[in-house]
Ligand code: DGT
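Coming up is one lone chain in structure tokens, specifically the form predicted alone.
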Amino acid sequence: MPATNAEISGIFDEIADLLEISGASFFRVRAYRNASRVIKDLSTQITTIAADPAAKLDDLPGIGKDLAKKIKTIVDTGDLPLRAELEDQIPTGLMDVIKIAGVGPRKAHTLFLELGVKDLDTLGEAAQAGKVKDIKGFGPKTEQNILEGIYAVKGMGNRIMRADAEEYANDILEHMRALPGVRHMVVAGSYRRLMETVGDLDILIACDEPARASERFISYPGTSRVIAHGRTRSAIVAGKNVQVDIRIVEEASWGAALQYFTGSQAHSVALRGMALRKGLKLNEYGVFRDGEKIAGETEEGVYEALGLPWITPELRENRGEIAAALEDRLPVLVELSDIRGDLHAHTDLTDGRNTIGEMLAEGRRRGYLYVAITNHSKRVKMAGGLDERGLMEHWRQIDLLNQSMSDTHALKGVEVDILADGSLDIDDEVLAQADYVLASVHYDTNMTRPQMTRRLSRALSNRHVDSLAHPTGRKINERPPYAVNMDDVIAAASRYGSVLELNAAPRRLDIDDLTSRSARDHGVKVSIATDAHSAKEMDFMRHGVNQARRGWLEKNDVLNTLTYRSLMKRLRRHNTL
């Protein structure tokens, strides 16, 4: 089975975690993590590179001969023996343990050695018995956090990030398009509703030859297992764990089936209730009156038969969209084309992988008017964070660069760290000279809800802080959000005229859709920003826009839809309040 870039990157990440759990050296672990990021950033599938006799895998940045051989092994076999060897040495349940906030691979290694912890259950038993707090470097607070974290990790379920599912979705659609006679084909379900995670992929297709379509589907090269095979419905497992279902429907019922299989269930139930009140029947085959079909060929026709305008899939959650449609109040949702710049980007001066010039060049290629260069401040030592003197020199270089450019501006920014008491790790006198200041939390995340809420609110009260970056600290399927009352944080942002970031990195998407909508409802601007650590990661913007659309955000709700002059005018006004 051909290995995708995402799969190879995931294997290297898992090996890095296993090595770190086993107590391997920092440098060996870092080599695998760096290789994972290089592979993830490639614009070309690594299978294509490996198949080219003129190309050398060890020519890739950070990939030496040993890692190149390992990549070739994965491409040829779909896996790496080293991973199996490490899994034999280390209980696989420890991979769940490291998902707990504050428990990384090193602490998992300690728990394994000291207490024999092998999985979430044995860790829970040890923590409930009060054994964890007695280990050096842990303590009562960490023990309590672990107990709460176990519950959070178990509740994450088996859903995968939409961004990861996207690669399979696009590949399978491309595979199916080679089939003659395809009339319509769409990935429905939560994927079409742009949810941040999906349980599986539901592909809907209308075509001339259903039997051939079903055969074509199960012959997808990435299939690891065929679950079901029938004339109108088949199911496979793609890769390791992505279930994909295909449903073949009649063209005359395409619209009704598309609405039905897109969902959400709550939205569909509400529509069926409307239909009943109008003396109609709505199902996956159409809209019927007295047994006669009156709509179903198109989605627009289904909604029209119910007296509604078409509702975009990302709003279909029964959160007021039907009432808004009836009253002609549906939002005109923000589009990717509305974005005029990126307000969170890192360079190779700290933990990024491209120069300022390269990041600006990527911004220019995307038609941006500005890119905020927001390298880390001094508290984040592992990322090479800058102190006051380093920031001033960095901004001087940005000024010089801006003098030679006219179309895309580099904003002098910083991602400043919020200390435990809500103060910042860079002096106000220096922050006053920045164009754009992000404030974020990287340490001391195990606070109580009132403590963390006060911490973030105090940071927002600093007139130099323009935006709160990745406000809840979550990483999807990896780390739950820290305890914080976002209603109070939104109120603080409103009070001080600050912005909340919607971090577009697909593993963050922080803030979520509900919080985005709450910010909108309270008049708080949102910045959709990529947190890009490479030029390629600026592509994350589309994931952020998807999340913003689910949060009902319109163009005027998003800070970085402003032109450069309008943005700078707003930032100057905020910093003088």
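Note that residue numbering begins at 1 and tracks the sequence as displayed. Since this is a predicted model, take the numbers as computed values, not measurements.
This next part talks about the form predicted together with this ligand, which is not shown.
This ligand is not shown here, and in the model of the complex it never comes within 4.5 Å of any heavy atom of T110. By the criterion of a heavy atom within 4.5 Å, Q265 is counted among the residues contacting this ligand in the model of the complex. Mapping the unseen interface onto this chain, N375 falls outside it, with no heavy atom inside 4.5 Å of this ligand in the model of the complex. With a 4.5 Å cutoff on heavy atoms, F261 counts as touching this ligand in the model of the complex.
Taking the partner from elsewhere, every residue among G189, V198 and R272 has a non-hydrogen atom within 4.5 angstroms of this ligand in the model of the complex. From the list 351-359, 199-207, 71-79, 417-425, the contact stretch for this ligand in the model of the complex under a 4.5 Å heavy atom rule is 199-207. Proximity to this ligand in the model of the complex, defined as a heavy atom within 4.5 Å, singles out one entry of R193, R455, H346, K412, which is R193. Between this ligand and the residues K281, R159, R319, K293, the one pair within 4.5 Å by heavy atoms in the model of the complex involves R159. Contact annotation for 163-186: no residue has a non-hydrogen atom within 4.5 angstroms of this ligand in the model of the complex.
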